[in-house]
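First, one chain by itself: the form predicted alone, in structure tokens.
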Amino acid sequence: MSEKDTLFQHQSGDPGSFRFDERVVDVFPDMIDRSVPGYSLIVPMIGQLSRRFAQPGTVVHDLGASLGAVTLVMRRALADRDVRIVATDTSPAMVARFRELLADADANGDPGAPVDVVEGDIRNTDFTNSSLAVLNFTLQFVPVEERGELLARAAAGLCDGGALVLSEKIRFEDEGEQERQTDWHHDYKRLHGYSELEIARKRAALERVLLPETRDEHERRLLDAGFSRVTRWFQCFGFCSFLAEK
């Protein structure tokens, strides 16, 4: 069970200091649920979307899998499909804990599609014979200049009729809207028990680590990468999820 996120009660928010280390792993489910509006809806809905786009005999990718929330829902949703899920994350601490959670699921008889958990850089992913790729709040941590190439390789490797799910924190071009959306997001955090100090410290720690872009930038890049249609299927404040179809 996840511990309560109190990290930024005790540590400073030095700019760019946020890391997915053991301390974050211990509190990650609580952190993301209390920090990302709609996360608890996005994850099961990705499971639903996976049933529409995952094709028998192909590979499904969870890119930046963290503790495997998306993989586990897709694993159950695709239990009757002949697919293999590859879940990749660069954090050794995340991968180790995810493997423990997956072993627990197997021990409890939780049925599902086979899963390979890979410790590695998602930019090195082989997308050959894939039908679905998921980047659930992951691309925002990839250098901006490398995002287009990653998406283009994903699109090229997807089967006809395949898709990519991209969830991201976005920024707004209009300064007034950006300010309002940020205020509303901070209200959400306050309602979920974060103090002003914790909000300020975490925001500073993520500076230069999480690099958001606008909705238009994401949609244009997905089309440029080779996808034929992009649908924004979810948004709550500054958090969006897009479905890009090949």
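Just count from 1 along the sequence shown to find any residue number. Quantities reported herein were computed from a predicted structural model and do not represent experimental measurements.
One more form of this protein exists, namely the form predicted in complex with a small molecule; it is left out here, but the text below deals with it.
Worksheet item: in the predicted bound form, does Met94 have a heavy atom within 4.5 Å of the small molecule?
Response: Output for Met94 is yes: heavy atoms within 4.5 Å of the small molecule.
Discussion item. Against the small molecule in the predicted bound form, would Leu78 count as a contact residue? Criterion: heavy atoms within 4.5 Å.
Written reply: Because no heavy atom of Leu78 falls inside 4.5 Å of the small molecule in the predicted bound form, the answer is no.
Worksheet item: Looking in the predicted bound form, any heavy atom of Asn136 within 4.5 Å of the small molecule?
Response: Within the cut-off, so yes.
Worksheet entry | is_contact(Glu149, the small molecule) in the predicted bound form, heavy atom dist at most 4.5 Å | Glu149: no contact with the small molecule in the predicted bound form.
Fill in: Segment that reaches the small molecule in the predicted bound form - one of 174-182, 188-196, 58-66, 217-225, heavy atoms within 4.5 Å
In short, 58-66.
Worksheet item: Should the three residues Glu213, Gln235 and Ser241 be counted as contacting the small molecule in the predicted bound form, with contact defined as a heavy atom within 4.5 Å for each?
Response: No, the candidate spot makes no contact with the small molecule.
Item to complete: Report the residue, out of Val142, Ala155, Ile170, Ala113, that has at least one non-hydrogen atom within 4.5 angstroms of the small molecule in the predicted bound form.
Response: Selected option: Val142.
Discussion item. Please identify the residue among Val73, Ile122, Val86, Ala105 with any heavy atom within 4.5 Å of the small molecule in the predicted bound form.
Written reply: Checking each option against the small molecule in the predicted bound form, the one that comes within 4.5 Å is Ile122.
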